[in-house]
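Quick heads-up: it's one chain on its own, the form predicted alone, in structure tokens.
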Amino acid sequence: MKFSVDRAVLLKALAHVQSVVERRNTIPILANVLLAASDAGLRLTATDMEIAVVEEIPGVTVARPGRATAPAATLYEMVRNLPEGAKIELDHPGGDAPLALRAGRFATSLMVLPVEDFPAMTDGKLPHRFTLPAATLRDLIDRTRFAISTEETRYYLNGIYLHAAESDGQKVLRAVATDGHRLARVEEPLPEGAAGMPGVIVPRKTVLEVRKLAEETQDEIEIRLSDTKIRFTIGPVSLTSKLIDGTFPEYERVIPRGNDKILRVGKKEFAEAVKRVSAISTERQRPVKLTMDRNHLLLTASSPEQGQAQEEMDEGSVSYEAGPLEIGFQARYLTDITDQATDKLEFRFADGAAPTIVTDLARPEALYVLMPMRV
């Protein structure tokens, strides 16, 4: 295998594929990227056996077609540190011989591992296919990923549940995440081709990698899936991932229906007030207490070491017509929701101990459920 390629082109592709490679693994070949040069161009593949990322690079000058593997992190760092505009030549004569890299006056060689040892993870049929605008996919991810559980024992909560559903008589594509303390549910009109899709749980690492790739485009993103795998095709890059083999809980049962105490509050003012009062405590799970009366909201937080902080919000930025109510929430949970909101938030309470519904009035397709804390 022998080819030459511009540094910027190779660096961008390596950045995409090497990010899925685990720095520590017990299978040496998984630390490598597979380089395959042909008349069609160059293909780079990396995998951790759960996710595989493939990127096609057309327009590469291929002198001798072939395949080789190379340490992904090392190759990426070498290419990253070459000067801008450099022309890179990679040459592998075959067998156990090292892969030679040359760029201007710089030359090095990298040890390879057998191509035959590189696992194939992209095989298998993916019968369900639909497309989403990149902005829509980014939105679905951004407004749900913060609620993904990090508790490995509840592995079926370690991702976003993506499925077709019905809302107010309309068919929708719904993304749901929950960690047992809060729930995020976002929906978009069901795209053509998604009606028969199975409900699937997309793992957290896959969600984060797809989000990074989706940042670089405004085009449509193709999604193909089966019961066990999902593939996102984003321009020249395709990411194939195994799905979480588990049953997502019946989340609709935890969404309260009868909450009739309604607080409406400006997102910016509320978010800033939460950050100010919660700064009194360094505890990760510090609660913020909301005390409400007619068109008045008092936020308080306390710390055994530092004392208490409070801030009042009243008519002008607060609308509340129900009776007096006190309820507490973890500050970080409130901030995660306000980070996604645009203008005005609506809280629907039942009492100080029951789950609370939060919505963004400007974007009602997103719904959040928060479990209160004792304060």
Partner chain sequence: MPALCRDCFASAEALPSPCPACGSRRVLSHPELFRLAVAHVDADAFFASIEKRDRPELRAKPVIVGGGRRGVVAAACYVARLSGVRSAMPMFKALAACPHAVVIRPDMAKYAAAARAIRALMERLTPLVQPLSIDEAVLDLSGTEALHRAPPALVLARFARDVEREVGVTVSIGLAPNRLLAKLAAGRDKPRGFAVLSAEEGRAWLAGQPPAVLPGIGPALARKLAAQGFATLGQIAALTEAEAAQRLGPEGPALAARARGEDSRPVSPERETRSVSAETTFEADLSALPDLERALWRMAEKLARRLAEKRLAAAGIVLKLKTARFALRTRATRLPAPTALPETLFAAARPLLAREADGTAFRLIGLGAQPLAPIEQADRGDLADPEAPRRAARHRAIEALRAKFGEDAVKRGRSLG
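Just so it is clear, the structure is predicted and the values come from calculations on it, not from any experiment. Residue numbers count along the first chain shown, from 1.
FYI, the form predicted in complex with its partner chain isn't displayed, but the following is about it.
Leu183 is the sole member of Ala103, Ala72, Ala194, Leu183 with a non-hydrogen atom within 4.5 Å of its partner chain in the predicted complex. Leu157 is the sole member of Leu263, Leu157, Val176, Leu137 with a non-hydrogen atom within 4.5 Å of its partner chain in the predicted complex. The stretch that touches its partner chain in the predicted complex, counting heavy atoms within 4.5 Å, is 246-254, out of 246-254, 223-231, 186-194, 267-275. Looking at Glu305, you'd find every heavy atom of it more than 4.5 angstroms from its partner chain in the predicted complex. Its partner chain is not shown here, and in the predicted complex it never comes within 4.5 Å of any heavy atom of Asp168.
Although the partner is absent from this view, Thr153 contacts its partner chain in the predicted complex, with a non-hydrogen atom inside 4.5 angstroms. Not displayed here, its partner chain is approached by Met371 to within 4.5 Å at the level of heavy atoms in the predicted complex.
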